[in-house]
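Only one chain is shown below, in structure tokens, and it's the form predicted alone.
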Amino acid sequence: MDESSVELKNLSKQFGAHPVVRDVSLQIKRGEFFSLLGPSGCGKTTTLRLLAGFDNPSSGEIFINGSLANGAPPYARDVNLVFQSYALFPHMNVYQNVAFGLEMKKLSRSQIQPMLEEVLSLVRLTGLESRFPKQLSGGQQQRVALARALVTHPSVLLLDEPLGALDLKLRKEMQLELKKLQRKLNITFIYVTHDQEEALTMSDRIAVMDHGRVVQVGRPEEIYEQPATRFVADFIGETNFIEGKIVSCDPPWVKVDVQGIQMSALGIPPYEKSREVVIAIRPEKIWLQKEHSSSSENQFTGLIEELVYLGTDTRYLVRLSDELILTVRQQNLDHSAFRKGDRVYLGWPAPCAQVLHPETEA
């Protein structure tokens, strides 16, 4: 049995002479929470619209549950779409909004009622059937849009930044609710977002897009810990980029000279001596202490030039040389441990630093 719920093969879309989606190929498994992540204008929403049938591809193929979907109208595809704006009918109450799709299928009221009760209970809207959208909170409106999309039991649910209009606290609550709902229903979710934390929190796998192309696909921890390109490392989370030249290579370790300072990092050969490369290192991977450590290979001295208290942690700007300043983040176990102007030791385990290939940099 084919495990793919959705498959895109060399999918491209142009509007006039402007390419928006470029040669995208993806396999999305049944029951997977899959996110398309990237900045505005990267092609993620257009990819979703191509899947839904609202736009036709310029080239390439779309398969849904193993069947070619190219040319099929939206109503003939076993998918539903939840919009960022929810697109609720303002003149219809909750019951009427959710029942709309079932009524279009000519189901009777006796058939609709149990289906409606089930889905409203699922999204915790029981008792609100007679309310109109303007009488609901943002989170409740979002649940109505979800219920309307789920009540017809699609095999694939497409979600276009559905939490974008919610405040931060409610958005975080709804992220957990959506993931819990997806697991309970075992429906394939394809979720579009520009919010890195949202994608990392909810997804089984993520496709990072840039300028219409998919630049990396992987589990959240893979995307964060082993970014394939400088763009991915820069877009997801915070990263220090350190430019230097290869001194030696002993796979999988690479030694790099950075303004006279030698650093060890993880790299994939081949590397030629003196080749210019970039090291990526996350700020939270770097340790700070007042005394020299005998257990760390990458260990340097620096001067704390600035610090910002962030509650759970503190962000430090530490100068290693005239042109090299690193951002370091440390949990606030003792937020008064370091002060501006302190001379400190800092370092990181070699596996936490990654050499990026120049040809894969953004």
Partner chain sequence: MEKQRERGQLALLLLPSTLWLGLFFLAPLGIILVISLVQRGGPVAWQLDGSAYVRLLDPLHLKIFLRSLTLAVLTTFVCLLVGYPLAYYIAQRPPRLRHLLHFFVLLPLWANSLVLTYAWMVLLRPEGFFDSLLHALGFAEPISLLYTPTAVVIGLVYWYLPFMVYPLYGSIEKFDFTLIEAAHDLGATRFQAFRKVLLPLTMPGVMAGSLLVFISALGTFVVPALLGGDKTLMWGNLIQQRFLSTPQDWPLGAALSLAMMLFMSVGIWFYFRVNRESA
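What you see is a predicted model, and the numbers here were worked out from it, not measured in a lab. Numbering follows the first chain given and starts at 1.
Omitted here: the form predicted together with its partner chain. The next part is about that form.
With the partner left out here, its partner chain still marks one of 276-284, 240-248, 260-268, 99-107 in the predicted complex; by a 4.5 Å heavy atom cut-off that stretch is 99-107. Ala52 belongs to the set of residues with a heavy atom inside 4.5 Å of its partner chain in the predicted complex. Among residues of the shown chain, Leu181 is not one whose heavy atoms approach its partner chain to within 4.5 Å in the predicted complex. Among residues of the shown chain, Leu81 is one whose heavy atoms approach its partner chain to within 4.5 Å in the predicted complex.
Taking non-hydrogen atoms only, Leu176 never approaches its partner chain to within 4.5 angstroms in the predicted complex. A single residue from the set Leu88, Val214, Leu125, Ile236 has any heavy atom within 4.5 angstroms of its partner chain in the predicted complex; that residue is Leu88. Comment: its partner chain is not present in this chain, but in the predicted complex one of Met92, Met115, Ala165, Leu200 has a heavy atom within 4.5 Å of it, namely Met92.
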